[in-house]
Ligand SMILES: C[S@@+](CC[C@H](N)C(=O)[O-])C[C@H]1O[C@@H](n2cnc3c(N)ncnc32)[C@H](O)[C@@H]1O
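To begin, one chain is listed below as structure tokens, in the form predicted on its own.
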Amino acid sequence: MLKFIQNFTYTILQIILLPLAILGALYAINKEKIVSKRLDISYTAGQVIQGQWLMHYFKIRKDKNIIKFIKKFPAESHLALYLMFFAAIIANRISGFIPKAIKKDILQEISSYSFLFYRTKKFDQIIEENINKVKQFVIIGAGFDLRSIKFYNKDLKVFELDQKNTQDIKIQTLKEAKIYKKNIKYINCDLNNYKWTDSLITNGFKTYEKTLFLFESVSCYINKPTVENIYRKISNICPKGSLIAQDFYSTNFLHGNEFKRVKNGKRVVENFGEPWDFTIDMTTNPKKEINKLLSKNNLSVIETFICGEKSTKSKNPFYAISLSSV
């Protein structure tokens, strides 16, 4: 009965407020595309914080810094996002309504939309469980993610790696939002340049201290040799027991024809110069494929989470998150 009331409340509000939702969506999407292009910053990096913004308002993942950041971020509009989801947010306050995709956690039922939220929650969990076991935290291809602030503590050395334009806009926005932390090292680098670890070490990274690397949804934008080189670099500069949390996309998901929404997204990211590349075959035994890839590069799998076996037409999983160690 409660679920019916929640869905009914949302449906009525959505019908009434639909013009505002459409107006907000049009403005938000166009601003994001136009400004990202003009500033030459990563378009896809902005997608991550939109999901975190939404999760905050539905009290799934509290992070006030996301709100502060988006209000000052030139490629997003806090007001437009609020208009887009106004009906759902009001329904939540009245009846407790939460969109199904945001709270879905059953691995086999994760869909091509709900995985975006599951991804954030699972990486948060992995970081929370392991951050106190290490002395350094490195986010590879950090984009506009704010986990370096969310999990910051005075005893932890934190480094963010990304391209110069993205880093410059992020630092500017953090300062305007008054959430900038000077102890976090923001390092400009290109992962296709195999000397990126030199910049890391130059900026204070200690090769003898255990480190947690976050490598979230970055490998899919680079080629396999570069991905494997990143693994080898990590194993070469870190002591035994250092950790890497990462994710993988299936070949069918990013390059196949099963997912129409993904096909449309592929054209958008290619237009922004961020084409999808590296994937793994998940049609038979994805855990075996992941283990083989990582062990080849001196990493040992600790745990792997396979998503979507019941939610796809092919009944094959399409996404995985893995924690491994050096």
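Residue numbers run from 1 along the displayed sequence. Computed from a prediction, not measured in an experiment: that's the story for all the values here.
As for the form predicted in complex with the named molecule, it is not shown, yet the points below apply to it.
- Note on the interface: of 175-183, 135-143, 251-259, 151-159, the segment with non-hydrogen atoms within 4.5 angstroms of the named molecule in the predicted complex is 135-143.
- With respect to the named molecule in the predicted complex, the three residues 279, 306 and 309 uniformly fall beyond 4.5 angstroms at the level of their nearest heavy atom.
- Although the partner is absent here, residue 192 is a contact residue: one of its heavy atoms lies within 4.5 angstroms of the named molecule in the predicted complex.
- Heavy atoms of residue 77 never reach within 4.5 Å of the named molecule in the predicted complex, leaving it off the interface.
- With a 4.5 Å cutoff on heavy atoms, residue 42 counts as touching the named molecule in the predicted complex.
- In the predicted complex, none of the heavy atoms of residue 86 sits within 4.5 Å of a heavy atom of the named molecule.
- Though the named molecule is absent from this view, in the predicted complex it lies within 4.5 Å of a heavy atom of just one residue from 171, 222, 237, 131, which is 222.
- The single contact residue among 246, 114, 166, 242, judged by any heavy atom lying within 4.5 Å of the named molecule in the predicted complex, is 166.
- Taking the named molecule as positioned in the predicted complex, none of the residues of 232-261 brings a heavy atom within 4.5 Å of it.
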